[in-house]
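The form predicted alone is given below as one chain in structure tokens.
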Amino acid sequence: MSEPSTPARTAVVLGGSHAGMLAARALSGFADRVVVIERDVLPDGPAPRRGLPQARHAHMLWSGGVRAVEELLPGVTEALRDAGARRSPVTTDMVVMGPRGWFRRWPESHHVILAGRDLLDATIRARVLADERIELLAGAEATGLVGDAGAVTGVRVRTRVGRDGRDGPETGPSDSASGPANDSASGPERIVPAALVVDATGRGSRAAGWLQDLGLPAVERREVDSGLAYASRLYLAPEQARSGYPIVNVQPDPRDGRPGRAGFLLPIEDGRWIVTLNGTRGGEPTAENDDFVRFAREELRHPVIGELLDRAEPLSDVSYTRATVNRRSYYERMAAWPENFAVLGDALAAYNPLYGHGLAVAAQSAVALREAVRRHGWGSAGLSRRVQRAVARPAGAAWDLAVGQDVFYPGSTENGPTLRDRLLAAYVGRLMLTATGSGRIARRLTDVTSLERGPQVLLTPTVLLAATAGPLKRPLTGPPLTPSELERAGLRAGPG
């Protein structure tokens, strides 16, 4: 059955996670009504939900994403900090072993927001849903688009009913408003009319198939699969290290011909550390609790994370995932595109989580959505095509950063890295080496990794000259933890 007729200025957003909520906020200034359709019944506060298993792993919001979220929701950064999230300056509060050695802790260039994913989502969700123009249809599954190849006019929705007879999430492993039902019965299908439908359903998006059902051709897609597996665990930091402790990150060196193994220790709210260990094919961590610290100590290029965990208290079991494929759908390249439909977030481009760019790209894409509607006008001819091209820009920038590294792992692509990939990687490797001893080049690299500036800033004459000259300071021989930080974590201070 169909809903009663609705105003022409109704938008529907599929997916109620980070990307979907920010997209709803972006549209609320133009639509009279924004309906967010979400498979899960969302918690009132920062609590887990089945449809977002990746929340159990480490997340960070780079400053390019922080700025975008703040544009959409002024004051949200302060609200996150009031709730316990931490603002960590880059690279001042980062202890990082890169492919070419330890980075120095230069003065702040950018920053990241560190928080558990549940807290981040809950804080943003509460602010978005406080807008009376935005309504949430939870425990509902989008089953397809309404319309034809020329225009989308709405979405088919089926309410999901749990085993106990109540509307409920009963979701599978992906963050989506459109994935297949799992262990649940289905209510009657209805149609929600809309002047604009935005798919923000994440990796489980079925937009490509839906568009083909409307008579459109298949979308061009690319996948780069490094074979990465992730294992994460939550810890209570040693008492004196529960406030103001730096990020600790040990990265792989792709030149050594071994599987890439890496580790992140991120201080989050309530004195906790969330630690994620990962490895590519042949070097994966296990899902065993008893093997977690051993892997951190013995399999990474430096044992510092394992040494820190020896003195921390585990608060959870290990969470494990292999959903790390880089996957890009080039909707903006399609010869035909329907009016009133757009795709963004992980539904458009999903990245290896190693690089931490998914949250920032989703926020920047929501800003791009808002600006496209503002510039061209709600309901204008060709608006959806313009939106799709606009959101492709931040997605493409992060895509290039991710696949530029991952193509070098065996089996990640059918044909391996191209000559262009090899030349760019050699240059970036030289920049990484230079950044270990040059604060100016470290700043340029963080301009790009923070998603505040495009990669063209790495190709200016002064940066090219600096890369040729190499690092200005001698390499560090160990992690640049201060004597106070070593002491607070229960480690013995070594030589500087």
Ligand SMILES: Cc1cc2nc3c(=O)[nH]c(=O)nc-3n(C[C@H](O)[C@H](O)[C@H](O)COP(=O)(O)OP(=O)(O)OC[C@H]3O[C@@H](n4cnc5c(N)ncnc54)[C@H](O)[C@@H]3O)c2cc1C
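What you are looking at is a predicted structure, and each value in this text was computed from that prediction instead of being measured. Residue numbers here begin at 1 and follow the sequence given.
The same protein also exists as the form predicted in complex with this ligand; that form is not shown, yet it is the one meant from here on.
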Item checked: this ligand in the predicted complex reached by all of T201, R206 and Y230, non-hydrogen atom within 4.5 Å -> yes
Item checked: Partner-proximal stretch of 438-446, 466-474, 31-39, 425-433 relative to this ligand in the predicted complex, 4.5 angstroms, heavy atom -> 31-39
Next item on the list: Heavy atom within 4.5 Å of this ligand in the predicted complex: which of A395, L277, A360, V343 fits that? Just give me the one.
Entry: A360
Notebook entry, point to check: Which one, V387, L72, V95, A140, lies within 4.5 Å of this ligand in the predicted complex by heavy atoms?
Noted result: A140
Check: Would A19 count as touching this ligand in the predicted complex under a 4.5 Å heavy atom rule?
Finding: yes
Margin query: When the contact criterion is heavy atoms within 4.5 Å, does R453 count as touching this ligand in the predicted complex?
Written below: no
Notebook entry, point to check: Counting only non-hydrogen atoms and a 4.5 angstroms cut-off, does R67 reach this ligand in the predicted complex?
Noted result: no
Check: Though only this chain appears here, would G356 touch this ligand in the predicted complex if you measure heavy atom gaps against 4.5 Å?
Finding: yes
